[in-house]
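Just one chain is shown here, as structure tokens, and it is the form predicted alone.
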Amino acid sequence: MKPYFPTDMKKALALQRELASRVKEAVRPRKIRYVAGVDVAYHKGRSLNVGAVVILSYPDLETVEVARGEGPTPFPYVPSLLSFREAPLCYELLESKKRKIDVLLVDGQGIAHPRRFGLASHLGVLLDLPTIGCAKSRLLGDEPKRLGKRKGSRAPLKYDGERLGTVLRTRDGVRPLYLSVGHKCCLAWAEELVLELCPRFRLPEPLSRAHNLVTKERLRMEVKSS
């Protein structure tokens, strides 16, 4: 699908509503060889987005490809419209990769979003790729009253009676992640894959490695510009 990233808020809202109808759920990809994570950070001093994509082989989780880059921040900070701020650079980096990604993990929301179309869904629809939203914070939905402290503890993420995702503890005693379907996957499978991809950290390995690269690059840029 040809990407379109409007910079006008009304057009962005209209596009979200239009593209949300294209989000699909599927049981799981037939075969998984490569899993990837994408992350973006904002560099305030230069008004730039810094991004990274890390591709890992599956199931051994060896890094096989990395793409890094930076680009202008084309949209203001609006919590439910972050995909228009981050997706252009994410899309560019994902299009530059050599290997075919089977599953993409995104540091952001999937359908756990006011218009059911967060960054994970946006990238999934544009790239026609199975994507999972792995957000570190809750955008929409009620916080569960009870959630176990052990890895694998989970609770439904609901809003107004609708199941939007899962609140999932990925390591003993750490803050949970907020999972939701991005595109072409199902929630139950997403939960198990994310747990499998968290042998060491709160974040799944592809996202953890992408996050580390982005953080280091942003800090390097900040030191250089100071």
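These numbers were taken from a predicted model, which means no experiment stands behind them. Residue indices: 1-based, along the sequence shown.
Keep in mind that the form predicted in complex with the DNA is missing from the display, and what follows is about it.
Undergrad: With the partner left out here, check for me: in the model of the complex, does some heavy atom of Leu127 sit within 4.5 Å of the DNA?
TA: Contact with the DNA, no.
Undergrad: With a 4.5 Å heavy atom cut-off, would you call Ala41 a contact of the DNA in the model of the complex?
TA: Within the cut-off, so yes.
Undergrad: Answer for Ser80 alone: is it within 4.5 Å of the DNA in the model of the complex, judged on heavy atom distances?
TA: Yes, Ser80 lies within 4.5 Å of the DNA in the model of the complex.
Undergrad: Going by a heavy atom distance of 4.5 Å, is Leu119 a contact of the DNA in the model of the complex?
TA: The answer is yes: Leu119 has a heavy atom within 4.5 Å of the DNA.
Undergrad: Okay, which stretch from 163-171, 181-189, 33-41, 59-67 lines the DNA in the model of the complex, with non-hydrogen atoms inside 4.5 Å?
TA: This holds for exactly one stretch, 33-41.
Undergrad: Using a 4.5 Å heavy atom cutoff, which residues in 83-106 contact the DNA in the model of the complex? It's fine if the answer is none.
TA: Stretch hits, in order: Ser83, Arg85, Glu86.
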